[in-house]
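In the block that follows, a single chain appears as C-alpha cells, in the form predicted on its own.
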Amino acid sequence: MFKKVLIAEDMQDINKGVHTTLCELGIQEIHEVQYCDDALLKIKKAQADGAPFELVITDLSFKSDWREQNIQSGEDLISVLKKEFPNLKIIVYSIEVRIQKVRSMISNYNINGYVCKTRRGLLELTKAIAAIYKNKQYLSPEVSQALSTKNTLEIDDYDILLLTQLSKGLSQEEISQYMKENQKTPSSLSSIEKRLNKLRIDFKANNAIHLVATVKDLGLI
C-alpha cells in the first residue's frame, strides 16, 4: 500500500473523512493542505528531501479567500504536477460529474483515478486507491462512461459553453452577444445557428429543449 499521501482539499470536514479513510488503509504518512500552492511546495520539498509523495488526492475547485494564490484550481495543480512529477499518482475527488470534464482530465493529464463526492464517495475512494496501487485506473460508477466511446460524442469546450448558455434560456442572438462580449469565437449569429444545428443532428435532438435535455442526461453540462 502507499506509504506517503497528500490530500489537497479546502473543506476541512471532507479532509477529515479522507484522512480517516487513508488511516483505515494503513497508510503511514498523511499530509493535508487547503491551498494548491501549498500542495506544490510540499511535493517539491518532499522530492528534494528524498522522501517523495506517492499519491495526491485533490479536489478540482478551491474557493478563493484573502490569501492570494498562483495556482487557482485543482486542474491547474494537476497540470503542473504532471509536468514536473510525471510518475506521481493522482486521484481527483470532486463533486463534478460531467462526463466531458472527466474525459478531458483523463486525456489531458492522464490522471490515475476520478472519484465522485457522493454518499458512497469514501468507499469508492478506497477502491480507487487499491486499484491505483496495482497500477490500474479507476473511475467512480457515476462517470465510468468517460472511458467508453459507445454512444458518446466528442464535443469541445466551445460546444460546452454554447450549450450551457442555451440551457440558461438565452436565444441565439443573446448567445452571439455573449460570445462577442467574452471574446469567444466564432461569435456571429450565423455561426451560432450552424453550430447548434450540427449539435442537434449529432445528438438526434428535435429542438433546442430536447438538445439541452439530452446533453444534461449524458452529463456533458
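Throughout, we count residues from 1 along the sequence that is shown. Rigid core here is just the name for the largest C-alpha set that superposes within 1.5 Å across the two forms. Just so you know, these numbers come straight off a predicted model, no measurement behind them.
Only in words, not in the display: the form predicted in complex with another copy of the chain, which the text now covers.
Contact annotation for Thr118: at least one heavy atom lies within 4.5 Å of another copy of the chain in the model of the complex.
Shown alone here, Asp202 lies farther than 4.5 Å from another copy of the chain in the model of the complex, counting heavy atoms only. Taking non-hydrogen atoms only, Ala39 never approaches another copy of the chain to within 4.5 angstroms in the model of the complex. Taking the partner from the other structure, another copy of the chain in the model of the complex has no heavy atom within 4.5 Å of any heavy atom of Tyr178.
Look at 121 to 129, 82 to 90, 106 to 114, 135 to 143: in the model of the complex, residues with non-hydrogen atoms within 4.5 angstroms of another copy of the chain sit in 121 to 129. Between the options Lys45, Lys194, Lys168, Lys184, the residue in contact with another copy of the chain in the model of the complex by a heavy atom within 4.5 angstroms is Lys168. Looking at 27 to 45, the residues that come within 4.5 Å of another copy of the chain in the model of the complex, counting any heavy atom, are Gln34, Tyr35. Put the two forms on the same core and the Cα of Asn207 is off by 2 Å or more between this form and the one not shown.
The rigid-core alignment places the CA of Leu196 2 Å or more apart between this form and the one not shown.
Between Leu163 and Leu139, the Cα distance is greater in the model of the complex than in this structure, by no less than 3 angstroms.
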